[in-house]
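Take a look at this one chain, the form predicted alone, written out in structure tokens.
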Amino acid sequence: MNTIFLQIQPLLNPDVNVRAIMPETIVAVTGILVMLYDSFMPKQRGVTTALSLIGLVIAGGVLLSMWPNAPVTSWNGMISSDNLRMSFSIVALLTTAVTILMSSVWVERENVPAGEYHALLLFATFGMMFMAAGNDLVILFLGLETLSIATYVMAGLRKSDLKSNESAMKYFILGSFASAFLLYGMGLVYGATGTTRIAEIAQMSGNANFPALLLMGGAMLVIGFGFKVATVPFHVWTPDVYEGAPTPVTAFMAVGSKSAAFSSFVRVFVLGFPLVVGAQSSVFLHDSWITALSVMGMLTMIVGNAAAIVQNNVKRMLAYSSIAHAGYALVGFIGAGVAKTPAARDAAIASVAFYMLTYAVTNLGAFAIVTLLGQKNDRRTDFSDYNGIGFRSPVLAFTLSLFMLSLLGLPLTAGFMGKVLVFRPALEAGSPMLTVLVVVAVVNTAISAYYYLRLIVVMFFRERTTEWTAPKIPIGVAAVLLLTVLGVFYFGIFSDGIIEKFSKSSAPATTSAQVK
């Protein structure tokens, strides 16, 4: 009888806490309102833009007001309110707001249905935020699929463009395979542990019912998440999809989708598969995923940078650059996995979140300029199209140069602080393998200087062979450039407060009922 009571007790007391999911609810409701408004007033593009931005700002304010002093769970442990959720959700909201602003010129130029596009962005953001908040495998999968379905549609939003159609089809087919691997892996983990709650999986990992099943499930999850964050050898979709998709959508996928996938990846492996001292099966599982991700991280950095060097298209170059940056983020991820104390683990997780924030600010700024210069159907995105524009449009050229230097990791820029923070936990671990990983990361950072500086050289030291007129900078793009330039310098010089905010809490999680 006691066993039966324990099984039905969560149904009798579901621990409903509407405030815990209020930011996600605001984003979803805003998406519905935008969709409904667009159905009746399809030509009012400015209204849907304003409505979307207002909803994102309100959701961000509510999220900041919820920032906990200690991790809290609700909905029977399925939703977690901790620094991991808060920091990655901030990245998601910022990414979407900047994407909407930078898309204004593209929506006007391509005559895209703005309300439909903005609604898809908001629904994708809803999925991203649930991926960060989910403390249950089912919630993570639902958030992932919400994000994926919206991005599949956005990749093919330019219906008359064959490249966009190809991009959407490739992304859909390969994304479906990745989702299948994820779902199968989650099923195996559930079969091995008897639960889908990440906290309970962590408790059972040292005493799993079927250790071999748990190991197989973990391997499936590595494949699924590896596709979503574009790590080698699961990166093959990235260049073609990024090149064919509309540039603002490419920016959103390169930043938003990647950061959301990293939030779930970190939560499942760092918090769900920790090292349990004395449990042989847990030690084997932990060492296996640490080794696998270390090898993947090295390959991701090497392949991403080597392929970026030979690209002649700026969007493909940035696509391979995003693959390399996934490898850099994996260094901090692995550092969190081998951390010896909860405080060190939380600091390492915060470093990954901060890295994704700096990457978002820098990459979105670069893609905003590529969107402005690309013209209709992204016809002007080759390196040769940037020849000699440096002194004809100094504002665009100098800001794009700044973003390239930040992606490279030049001191006093956001990219430099991001890389320092993700490399430090791996070095502090004292493991020879992780030391080699950091060395590979530093060497690849030096290699990446070639293609980042190449774009600067092309803009300032190459002569144009065709006529070119500097485009006018619309208000939306100007706001994006101002925001991202300030962000690059602020996060590169005054980053202490953000880092402290992201990593201040390391106390054990409590339920919302206990807090009340």
Partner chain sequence: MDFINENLLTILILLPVFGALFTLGHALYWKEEKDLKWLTLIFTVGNFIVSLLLLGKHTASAGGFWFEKNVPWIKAINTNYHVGVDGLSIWLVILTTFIMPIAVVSTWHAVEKRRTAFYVFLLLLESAMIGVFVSLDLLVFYLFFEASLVPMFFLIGIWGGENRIYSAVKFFIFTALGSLLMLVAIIALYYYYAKATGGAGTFDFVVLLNALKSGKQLFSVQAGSLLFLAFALAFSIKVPLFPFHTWLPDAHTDAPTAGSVILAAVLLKMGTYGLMRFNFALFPDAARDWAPVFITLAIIGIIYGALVAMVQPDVKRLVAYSSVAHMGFVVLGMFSFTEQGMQGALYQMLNHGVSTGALFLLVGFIYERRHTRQITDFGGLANVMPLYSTIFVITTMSSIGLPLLNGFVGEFLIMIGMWKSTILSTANGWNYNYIATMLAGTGVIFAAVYLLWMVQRVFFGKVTNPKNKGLKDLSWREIGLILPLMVLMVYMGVFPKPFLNKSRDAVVAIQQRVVGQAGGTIDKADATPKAEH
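Numbering follows the first chain given and starts at 1. Bear in mind that the values here come from a model prediction, so they are computed numbers and not experimental data.
What comes next is about the form predicted in complex with its partner chain, which does not appear here.
Contact check for Lys315: every heavy atom lies farther than 4.5 Å from its partner chain in the model of the complex.
By the criterion of a heavy atom within 4.5 Å, Ser495 is counted among the residues contacting its partner chain in the model of the complex. For the chain shown alone, Phe461 is a contact residue for its partner chain in the model of the complex, at least one non-hydrogen atom being within 4.5 angstroms.
In the model of the complex, its partner chain sits within 4.5 Å of a heavy atom belonging to Arg424. In terms of contact with its partner chain in the model of the complex, the residue from Val295, Ala343, Val420, Leu142 that brings a heavy atom within 4.5 Å is Val420. Checked against its partner chain in the model of the complex, the residues Ser104, Thr381, Gln311, Thr445 give one hit for a heavy atom within 4.5 Å, which is Thr445. The chain is drawn here without its partner chain; in the model of the complex, the stretch among 182-190, 403-411, 205-213, 109-117 whose residues come within 4.5 Å of it by any heavy atom is 403-411. With respect to its partner chain in the model of the complex, the three residues Met220, Phe234 and Trp237 uniformly fall beyond 4.5 angstroms at the level of their nearest heavy atom. For the partner-free chain shown, Val438, Val439, Val442, Val443, Thr445, Ala446, Ala449, Tyr450, Leu453 of 435-455 come within 4.5 angstroms of its partner chain in the model of the complex, judged by any non-hydrogen atom.
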